[in-house]
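Take a look at this one chain, the form predicted on its own, written out in structure tokens.
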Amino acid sequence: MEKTPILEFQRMIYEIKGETAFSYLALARKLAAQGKRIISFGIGQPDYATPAHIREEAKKALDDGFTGYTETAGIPELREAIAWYLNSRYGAGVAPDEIIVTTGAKTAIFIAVASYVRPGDEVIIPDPSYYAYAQVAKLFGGTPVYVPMIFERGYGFKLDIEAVESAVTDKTRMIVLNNPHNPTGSVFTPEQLERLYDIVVRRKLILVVDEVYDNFLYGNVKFKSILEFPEWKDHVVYVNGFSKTFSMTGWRLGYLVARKEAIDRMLELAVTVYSCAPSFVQKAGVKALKGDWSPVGEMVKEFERRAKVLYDILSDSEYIEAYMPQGAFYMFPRVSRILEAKGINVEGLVKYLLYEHGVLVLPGTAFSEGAMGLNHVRLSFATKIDHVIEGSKIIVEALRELSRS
């Protein structure tokens, strides 16, 4: 095709990659539309409806005509509710004017990275990780520097703190951390976080922390928020949202927290990008935080049950190195044995499971541009327990069948 002015994109746009997960979800939907039964471990959203009292609050706001623009930072009552939540839970010392309400946590990530990364800057990202961190860094001329996490069979993943420190150079501007972690379901220990935070302070870096899964914690895992660290406002831009905790993925409501002086500048970018979050959705957000949390507790309890079932079944396979997730709603097991035995790559394995057995998992390469993705798959257990049981049993049998073929 002849290149025309409309196709003369900037170099950074050519380097951006969309969320690969959605391409596999599209394949699964296409097969389902053709009549094939699909069990999906692909999508990263709770399978619960948004709690009724939150939906009713949005309806009330609509009926009251609360449908116009709001302050870019968010309506005062929502920022006050967010500050109340973070201060009550973490002792964060957050003021309402240190918060920007965003159109989902992804927009908060965009603003956080865009506000600090300049051409030539390096951004350290644990490998594997959610794809958006690296893509935004590249969009603004930054270079993602991937630091592989350590995988231990039976335990899962942990940060390689020594490797992180070794990756810091005079070009390093930022470290990005998601905790609890997508795609691994890991929760990083307080000790790991303290060591990471020490690096940030000593090397005078920015730490962008995404804690959107902070209510999905299982067993006796110890979770420490970055907001509990001393003087965190000198180094941290904090991201969270409503999508996961309150099953509000389609509502697009998140928030960003930082020192007021930084927030004042970020607001200039926010108003340029999206003006404000939807007005009536913000009213629902207040109700989510200040209302009944029992539906959240019930959902998390059920997700923990699913995680245990998934782990128990997959552990029976000699071709899957499974572990019990500590948080979020994902497992990222290693499947290198079957890949090596059959001489296939992880994308080939994913397509085999989907086309031949009707089960969707995602390839690790959707969450890694480095080596970590080559031998892993991600499973989301945000689906009915019957599907978790049936789908995981199909996977175990499918790999056994593949090994014999």
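All residue numbers refer to positions in the sequence shown, first residue = 1. Bear in mind the structure is a predicted one, so any value in this text is a computation, not a measurement.
Omitted here: the form predicted in complex with a small molecule. The next part is about that form.
Mapping the unseen interface onto this chain, K244 counts among the residues with a heavy atom inside 4.5 Å of the small molecule in the model of the complex. Residue contact check for Q326: none of its heavy atoms lie within 4.5 Å of the small molecule in the model of the complex. Although the partner is absent here, Q282 sits far enough away that none of its heavy atoms falls within 4.5 Å of the small molecule in the model of the complex. Of the heavy atoms in G104, some are within 4.5 Å of the small molecule in the model of the complex. In short, of 260-268, 206-214, 74-82, 220-228 it is 206-214 that has heavy atoms within 4.5 Å of the small molecule in the model of the complex. Distance criterion of 4.5 Å from any heavy atom to the small molecule in the model of the complex singles out I109 from the list V187, V237, A137, I109. Residue-level contacts in the model of the complex: of Y311, Y319, Y130, F303, one residue has a heavy atom within 4.5 Å of the small molecule, and it is Y130. Using a 4.5 Å cut-off to the small molecule in the model of the complex, not one of H357, S380 and T383 places a heavy atom inside that distance.
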